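So this first bit is one chain, no partners, the form predicted on its own, shown in structure tokens.
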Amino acid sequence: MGTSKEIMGNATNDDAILKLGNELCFSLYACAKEVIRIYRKPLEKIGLTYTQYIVMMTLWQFCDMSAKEIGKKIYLDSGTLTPVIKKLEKSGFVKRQRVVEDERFVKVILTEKGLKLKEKASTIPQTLERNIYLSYDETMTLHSLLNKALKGIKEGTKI
């Protein structure tokens, strides 16, 4: 068996797809990581992590919801979501309440403090707009394509 260098030296042009810079998944991963980094400072100022922020955005948009509904909207399983909600509750932004009809379900309810936080968070999206270096049209196209890809992945169909 040859060394890695010898094996790679015999690679064909078909192997170009195995180069990191050619992988869509890496570009998506790296971009998502950098976008979250951009959000970090402004979110720290209002006492949230990025994951807490997307939970709060969900509640600001849809009001009180079950933890399961929130998880479905933001693509998080209960093992990841539960500690996030507990931290938001400890900070006073939400409260958790068992659903009377079915105690297996937990409803997440915005507190007054959580509602007031929305005003403080209202300038955060502009942070990304200033730092993404895309035109408005490019941003809208990217947004549309990402949503289309996500929908296809979730439905298991090629669009």
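Numbering starts at 1 and runs along the sequence shown. Fair warning: this is a prediction, and the values are worked out from it, not measured in the lab.
Absent from the display: the form predicted together with the DNA. The rest refers to it.
With respect to the DNA in the predicted bound form, the three residues 40, 75 and 103 uniformly fall within 4.5 angstroms at the level of their nearest heavy atom.
For the chain shown alone, residue 111 is not a contact residue for the DNA in the predicted bound form, no non-hydrogen atom being within 4.5 angstroms. In the predicted bound form, at least one heavy atom of residue 68 sits within 4.5 Å of the DNA. Interface membership of residue 95, defined by any non-hydrogen atom within 4.5 Å of the DNA in the predicted bound form, is ruled out. In the predicted bound form, the DNA sits within 4.5 Å of a heavy atom of residue 51. Heavy atoms within 4.5 Å of the DNA in the predicted bound form are found in one stretch of 31-39, 111-119, 56-64, 130-138, which is 31-39.
Residues of 70-91 lying near the DNA in the predicted bound form, listed in sequence order, are 75, 76, 77, 78, 79, 80, 82, 84, 86, 87, the criterion being any heavy atom within 4.5 Å.
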